[in-house]
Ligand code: COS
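There is one chain below, alone, in structure tokens, taken in the form predicted on its own.
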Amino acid sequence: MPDLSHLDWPFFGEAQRRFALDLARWADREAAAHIDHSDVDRSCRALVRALGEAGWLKAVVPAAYGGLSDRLDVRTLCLAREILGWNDSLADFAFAMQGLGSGSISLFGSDELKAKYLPMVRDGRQIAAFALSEPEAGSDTAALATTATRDGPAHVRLDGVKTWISNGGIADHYVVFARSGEAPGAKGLSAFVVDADAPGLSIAGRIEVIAPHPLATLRFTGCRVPVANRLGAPGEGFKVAMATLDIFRSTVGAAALGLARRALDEALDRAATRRLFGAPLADLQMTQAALADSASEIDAAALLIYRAAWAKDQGAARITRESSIAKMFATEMAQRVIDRAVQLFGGHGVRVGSKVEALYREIRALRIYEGATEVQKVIIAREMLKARATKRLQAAE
């Protein structure tokens, strides 16, 4: 079970502390029974069901639909991903995608859409997915080419391709972003909930990556979707996407934090038990320095993650700068911490089947998805420059 001593920090309330401790005990006892890394589709389906039946997916929906709080509590989401990430990356993935794939519905869905989808997501009866990226539009959301064309008074027709879609091929519904044409660029996008069995939606191919999880390319060919399935108003797709990512970007950092904590735990065990030149590996000052660097960076990342989450939970309209800093720092930190752990394990660290070898593969994608590190740097700088320009304008008035 992971070290949860940071729950004593003032970022957390009693309900969040209790949630985290109970989840950690459950994951330690139950998660492994549902995981087979040689069959990730089956594992993710089993994990979603288990998380739902145990009540942990209540964290990803509002209280009005059986959730834990009136609105999504970002600190709870981060704690869940940190704990599940420490336990197993697929457990984290299953939880995270239920949140990301339904978050836009929680934020912008009509009462009818919320009532239809959120209880099933909460109970683990339906698998959710978020379909934003395209072959020529990843972080540049304004460049989306998939189109949503009006098809009669009550439907739109979706045409285009989405790729790198997590839960692609196993999801029951997708939140899909498409160009609806109200204005050029980012102001002409809309978001729709599309059921996986909608005519015209097909899986164009599965994508294999170094740390396997369900991932696919989707093709929309005259896919007819009710206008009532739109999230928000026409042309608000960019707003829907950014508001959703504003909540879940911090949680990516939390997942990386969980992986880093597990790597440090593995490294500590290795250093304490491995003997080198007649003495424990831990007696070497270089080993001690590596452990100290990892511990310091982990604490720094945790503070950035829970600062961003706390700010959002306190009612901040947007935490773009804070969440980008948290995601950037935590994922890069975790890469360094895991690399140190692999080095301390020596040859065993690169042996397939060892925990640190798995962590080494699993961390790499977190530095890319939901905005690569380089994109986060652009976002952070733009937010700072925007704030400076606003301050100078106010001073001049």
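Heads up: residue numbers just count along the shown sequence, starting at 1. These numbers were taken from a predicted model, which means no experiment stands behind them.
FYI, the form predicted together with the named molecule isn't displayed, but the following is about it.
In the predicted bound form, at least one heavy atom of Glu370 sits within 4.5 Å of a heavy atom of the named molecule. Using a 4.5 Å cutoff between non-hydrogen atoms, Thr76 does not count as a contact of the named molecule in the predicted bound form. With a 4.5 Å cutoff on heavy atoms, Phe95 does not count as touching the named molecule in the predicted bound form; it lies far away. Looking at His155, you'd find every heavy atom of it more than 4.5 angstroms from the named molecule in the predicted bound form.
Partner contact region in the predicted bound form: 317-325, out of 269-277, 118-126, 206-214, 317-325, criterion any non-hydrogen atom within 4.5 Å of the named molecule. With the partner removed from view, the residue among Ser106, Ser89, Ser133, Thr146 that has a non-hydrogen atom within 4.5 Å of the named molecule in the predicted bound form turns out to be Ser133. Checked against the named molecule in the predicted bound form, the candidates Arg388, Arg25, Arg382, Arg18 yield a single residue with a heavy atom inside 4.5 Å, and that residue is Arg382.
Contacts to the named molecule in the predicted bound form (heavy atom within 4.5 Å) from stretch 131-150: Leu132, Ser133, Gly138, Ser139, Asp140, Thr141, Ala142.
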